[in-house]
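Below you'll find only one chain, the form predicted on its own, shown as structure tokens.
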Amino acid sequence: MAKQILAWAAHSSTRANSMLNHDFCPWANKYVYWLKKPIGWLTGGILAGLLLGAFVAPQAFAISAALLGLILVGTFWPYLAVRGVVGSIGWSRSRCIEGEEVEVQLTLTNRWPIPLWGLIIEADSEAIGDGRNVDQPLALACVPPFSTSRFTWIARPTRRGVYPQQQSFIATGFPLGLWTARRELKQEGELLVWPRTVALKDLPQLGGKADAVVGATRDKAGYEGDVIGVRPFRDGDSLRSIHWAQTARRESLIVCERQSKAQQTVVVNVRVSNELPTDLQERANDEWLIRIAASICREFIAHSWGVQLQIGDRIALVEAGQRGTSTIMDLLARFDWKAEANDGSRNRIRVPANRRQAEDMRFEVTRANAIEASDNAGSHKRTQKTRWVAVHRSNGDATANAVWRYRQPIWMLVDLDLDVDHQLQRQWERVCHDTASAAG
């Protein structure tokens, strides 16, 4: 009996709370929402004072006048304050990695002969925040009169992307907080936040000469190896490659044509959906696809492989070196899921013939359920060079048990509900050792 009474009381409380918070007249919101703000309260007090002064006692007009004075001070002071201040905001460098510290630099010039208090910065919290207090505004103590002040603090962006993703403003509601005046800040450059990568430690950095990694030379025109012929001089050729005997005989500059290196190439394809992620969890899953692809690309570039990255309708073909890593990471930082969902299916770019290279290895990075769907439809091609890297969540998802029934099993399967970094390192080490044992 007691349980029934408690259940009835809880149900009644829920119904009462729902009725008290129900919006019975949504059409009237635009007419009365101004009453929720302090300036609305003062305006209501002015109207009440005018009515009392007209019909009850003239002394009530003094109350209306005082309230009107508060409104004027609370609106014109912030407006004049921001009219006299100009500023710019930027970062100490143009690139960083997710979770990495970067210094934010703010410069403000106060043109008024009085100090300014109560200034706040309204900007993208990911770009200027520490990654913890997302909703907490950034406030400045004071800007001295007739001066240029510089403020610096440490930000820690937690999501990859191009920042700022919205306009930045200097704002103030000082001294009464009745109304907030804003002025746009000049943006000094942009910040590219690269996706976080996982160190694949089982493939250590190779020492020695680059020939140990790049491989032997081939009879294709280049700048390495033995001489395979001669040709006329072209702008940009080194004077050291001139064949002086042929030059004297032909009375024109002739250079030696040498062999080129037979560099290995890996293709990393991130399979993206044409549908925008519907919730934060799906977006987090897709972000891990980008992090895994970035980790694989960095490892192969570090071992002097050529890398071709494909994600959506964007393609990057890079050679080994720091410049190649920057190109790959910039592309991944600028990739926008929303733009891809809107335009990717209609404006798909094919790889031009002159940009295709013979691939020695291929990685397909995707969701496990996407492999299951494409396998049922027979829409993807399986080759011996292809390594499938899939992500999934194990909470009630049967995909983890189903993917191994395919004719060509998944090479690596990462559970996003566990420690992803540890899984990547362990599985990468295991599959690479298995490959080495099979080759031996």
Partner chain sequence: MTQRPLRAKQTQFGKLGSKMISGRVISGQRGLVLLLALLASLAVTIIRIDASWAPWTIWVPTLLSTLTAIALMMVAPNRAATNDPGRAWIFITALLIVYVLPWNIIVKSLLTHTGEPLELVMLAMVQQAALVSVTLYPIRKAEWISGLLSFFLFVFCITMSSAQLVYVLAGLYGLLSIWWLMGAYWERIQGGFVAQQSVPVVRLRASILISLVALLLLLGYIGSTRSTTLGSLLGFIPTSGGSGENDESARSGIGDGDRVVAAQETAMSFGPVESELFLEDTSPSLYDMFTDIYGEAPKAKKRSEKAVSLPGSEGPSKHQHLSQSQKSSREFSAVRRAKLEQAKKPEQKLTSAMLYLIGDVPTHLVMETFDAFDGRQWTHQQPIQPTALKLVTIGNKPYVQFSPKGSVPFALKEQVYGVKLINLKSPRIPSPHLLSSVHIDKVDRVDFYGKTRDDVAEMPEREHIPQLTVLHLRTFMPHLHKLRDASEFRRFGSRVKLDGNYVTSEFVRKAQADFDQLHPEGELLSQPLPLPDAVIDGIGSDGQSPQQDVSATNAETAVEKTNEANSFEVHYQIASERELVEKLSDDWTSGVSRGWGEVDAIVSRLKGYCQLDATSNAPEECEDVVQHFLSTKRGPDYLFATTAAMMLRARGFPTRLVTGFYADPKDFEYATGQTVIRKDDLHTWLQVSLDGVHWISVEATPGYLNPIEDLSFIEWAELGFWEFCRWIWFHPIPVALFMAGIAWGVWSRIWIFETCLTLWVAVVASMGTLRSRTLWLIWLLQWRGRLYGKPRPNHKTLRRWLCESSTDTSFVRNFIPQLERLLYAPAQTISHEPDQEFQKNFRLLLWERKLFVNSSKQNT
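Not measured: the values here are computed from a predicted model. Residue numbers count along the first chain shown, from 1.
Below, we turn to the form predicted in complex with its partner chain, even though it does not appear here.
> Which of these stretches, 25 to 33, 410 to 418, 50 to 58, 387 to 395, has heavy atoms within 4.5 Å of its partner chain in the predicted complex?
Stretch 50 to 58 is the one.
> Looking at A339, I120, I114, L253, which is the one with a non-hydrogen atom within 4.5 Å of its partner chain in the predicted complex?
The residue from A339, I120, I114, L253 that makes the contact is I120.
> Quick one: from L331, M361, V230, C142, grab the residue that has a heavy atom within 4.5 Å of its partner chain in the predicted complex.
Of L331, M361, V230, C142, the residue with a heavy atom within 4.5 Å of its partner chain in the predicted complex is C142.
> R240 near its partner chain in the predicted complex, any heavy atom under 4.5 Å?
Flag for R240 set to no.
> Spell out, yes or no, whether the shortest heavy atom distance between G161 and its partner chain in the predicted complex is within 4.5 Å.
Flag for G161 set to no.
> With the cut-off set at 4.5 Å between non-hydrogen atoms, does G321 touch its partner chain in the predicted complex?
Flag for G321 set to no.
> Would L67 sit within 4.5 Å of its partner chain in the predicted complex, counting heavy atoms only?
So L67 counts as contacting its partner chain.
> Scan 150 to 170 and note down the residues that get a heavy atom within 4.5 Å of its partner chain in the predicted complex; none is a fine answer too.
Heavy-atom contacts within 4.5 Å come from R150, F151, T152, W153.
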